[in-house]
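Taking the form predicted on its own, here's one chain by itself in structure tokens.
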Amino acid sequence: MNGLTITALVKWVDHRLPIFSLLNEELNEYPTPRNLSYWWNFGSLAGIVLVIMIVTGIVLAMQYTPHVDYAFDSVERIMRDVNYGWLLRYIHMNGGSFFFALVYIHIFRGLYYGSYKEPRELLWILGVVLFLLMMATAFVGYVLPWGQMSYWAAKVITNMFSAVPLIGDYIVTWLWGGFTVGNPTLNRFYSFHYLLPFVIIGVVILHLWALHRFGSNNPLGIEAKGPQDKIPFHPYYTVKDAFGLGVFLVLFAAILFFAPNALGEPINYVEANPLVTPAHIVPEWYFLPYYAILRSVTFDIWFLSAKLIGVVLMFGSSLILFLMPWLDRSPVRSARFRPAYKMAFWVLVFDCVVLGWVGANPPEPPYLYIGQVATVWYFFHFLVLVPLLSLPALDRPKPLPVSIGEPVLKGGGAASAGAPAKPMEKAP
């Protein structure tokens, strides 16, 4: 089949199903702000890792046996007897950690550059929905190897729903499929772990649809004003994404081949035993900040038990992200031009790292007290500090450039030193 025949076939198909025109418009000619940095690579990297996780997961599911008597042995068989099974499992296992690392950077980038502001509120909300679906998928997937940490993590985390008044015990019984973590639990979690990634794919499509409606935000936080501020996505950003992918694959391969178990718990290579409790039950590293928040409340408040308050705070720490478009009312998007907000942002990043460190340690002094202070600051940042810093009197924004191209022409600054400040324009 020569090139002319292929071109004719493409035109014939595209006339009846314009998929090639759509791909050309959205992936080739798609106009993109000309000043996007490498911080914008992490969304596409997360999408690539998602595809890798789904493909390896489907192949692993062909060899896995979701039964409490065989699950652990089936994982060991994949590692030892299936051709390249060890590689598939390590890709899937470490891919989950890298997936969360990429998404965390993607979220913090959005917080720093104000990507949640009008008119991109729905884009942000869909992103938070994706994050919650990721956490659910990762949690149920962690149970499947049926090691000691898998079993006891499932026991502890699902049991926290018993703190919900009136219906808590019914929720736990439904999750377990009985009155303890057992074979029905494993089957439920296996079904959810297989199904949820395809739900994530559906939400990703909506997320990209919302992104292409108004285009990407950019480091300056101002809208592109015309063709002079935009360039086609291909080849400029496909090359940039390809370079970022190459760097990512090098780091991923280094972990995969030289330290594949560095991000896991050694005790999970011991088969689950309901009669032996591990000395220290910890979730995967990407759940440690939430685990620290869950354990930070050690006292009852009125009729609310400490357990219930901890559960509410743990879920609230993620759900609060939904409110960011309305908590931050500043007309300036990018933290580049908001000195006080920039300082508060980096304190938040440090606070989240501290919460992760606390979650990896036993719930005892001094870790417990540090976790309580870090938890208070986390919610103080979103519920108090962000709304206050929206006031011009508390955070005086620097002058904004007139266009995306101006900082380049002016030597990289928003306004050159000693030059008169231009009036701040409101973000649309």
Ligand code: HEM
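Predicted model, so just to flag it, every value in this text is computed and none were measured. Start at 1 with the first residue shown and count on from there.
Beyond what is shown, the protein has a form predicted in complex with this ligand; the following relates to that form.
None of 221, 145, 110, 289 but one reaches within 4.5 angstroms of this ligand in the predicted bound form through a heavy atom, and that residue is 145. Only one of the listed residues (278, 197, 184, 260) places a non-hydrogen atom within 4.5 angstroms of this ligand in the predicted bound form, and that residue is 197. Checking 357 to 365, 396 to 404, 28 to 36, 60 to 68 against this ligand in the predicted bound form, the stretch whose residues place heavy atoms within 4.5 Å of it is 60 to 68. Using a 4.5 Å cutoff between non-hydrogen atoms, residue 48 does not count as a contact of this ligand in the predicted bound form. In the predicted bound form, this ligand lies within 4.5 Å of some heavy atom of residue 75. This ligand is not shown here, and in the predicted bound form it never comes within 4.5 Å of any heavy atom of residue 106. Although the partner is absent here, residue 190 is a contact residue: one of its heavy atoms lies within 4.5 angstroms of this ligand in the predicted bound form. No residue in the set 338, 345 and 390 has a non-hydrogen atom no more than 4.5 Å from this ligand in the predicted bound form. Along 314 to 341, no residue reaches a heavy atom to within 4.5 Å of this ligand in the predicted bound form.
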